[in-house]
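Single chain ahead, written as structure tokens, the form predicted alone.
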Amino acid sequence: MRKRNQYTTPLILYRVRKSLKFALLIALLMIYLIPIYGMFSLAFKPRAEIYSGLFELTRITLENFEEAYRYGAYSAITNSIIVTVGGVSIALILAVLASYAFSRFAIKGKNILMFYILSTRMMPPITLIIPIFIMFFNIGLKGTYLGLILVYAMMSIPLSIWMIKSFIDDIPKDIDQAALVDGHSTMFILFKIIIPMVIPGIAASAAFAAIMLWNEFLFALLLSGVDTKPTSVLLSSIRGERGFNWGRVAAIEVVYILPIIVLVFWLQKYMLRGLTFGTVRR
């Protein structure tokens, strides 16, 4: 009997801990999913039933999406896609070149430069917006796609360099040396050998940069124009004659989050590797 209890007690404790972990996981999942369900519920509700119950959906309608279209929401989402894709693309091109240089070449003060690059993201954006606004206004970039794309690229470069460099650091330098012995140039090694091997790092950097830029508000508010206004700015100014039309707001948000959700699901395996790559050295 004593031997039986010796094995039964740890088994019971294991099952209790497993049940508690499962219950905690379900609770956390519900905390994240309930607001999303509420948003989708409001988006498909008739305006007369908005306040009848957050989770009750008796009749489905698309009138909120039609109002969002008339309000210019889809043009704003297109603007968000343009500036986000443009900013991420420029940032990745420059980050790959810089990461390879920092990883492979003997640069004087490399560690100081790497810290300086990262430190540019440490200062509050509000400290930069005034000089950038004045500069862009004087050179004619205020209210243009190019202005926002350049600012977004500047915001994305530091983290992208650090992430991509960690991937390149884990590629043995012997590969580069062997390619040099075979007569290949540095650019050939970078584009034909290194980049294909660090695609997960580039994809992870692109995903994290896109998430950050997709939700950016301050620079978008002050540097965009009427025709280049992204969705984050549109949502801040959406107010009807009799207050907020929450159905229209929810409809815009539903369409607004879909591209980034698709991107995250598409690149989720790369994002996981981007978070954990380099933590275990061989």
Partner chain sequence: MSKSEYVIQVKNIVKTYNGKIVLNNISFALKRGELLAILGPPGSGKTTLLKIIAGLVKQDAGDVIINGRIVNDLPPYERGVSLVFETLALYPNMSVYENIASPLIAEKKDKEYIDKRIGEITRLLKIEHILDRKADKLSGGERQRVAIARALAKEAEIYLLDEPLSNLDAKIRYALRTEFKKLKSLLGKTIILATSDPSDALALGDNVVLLFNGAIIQEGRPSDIYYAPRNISIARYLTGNILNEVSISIDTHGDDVSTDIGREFSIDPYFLKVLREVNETSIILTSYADVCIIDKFIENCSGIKVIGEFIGYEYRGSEYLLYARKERRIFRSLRTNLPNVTFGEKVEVCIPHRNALLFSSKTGDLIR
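Here the structure is a predicted model, which means the values were calculated and not measured. Residue numbers count along the first chain shown, from 1.
We do not show the form predicted in complex with its partner chain, though everything after this point is about it.
Screening Pro124, Pro196, Pro131, Gly109 for any heavy atom within 4.5 Å of its partner chain in the predicted bound form leaves a single hit, Pro196. Proximity to its partner chain in the predicted bound form, defined as a heavy atom within 4.5 Å, holds among Thr78, Thr144, Gln177, Thr186 only for Gln177. In the predicted bound form, at least one heavy atom of Val181 sits within 4.5 Å of a heavy atom of its partner chain. This chain is displayed without its partner chain, yet in the predicted bound form the stretch 187-195 from 200-208, 187-195, 115-123, 99-107 comes within 4.5 Å of it by heavy atoms.
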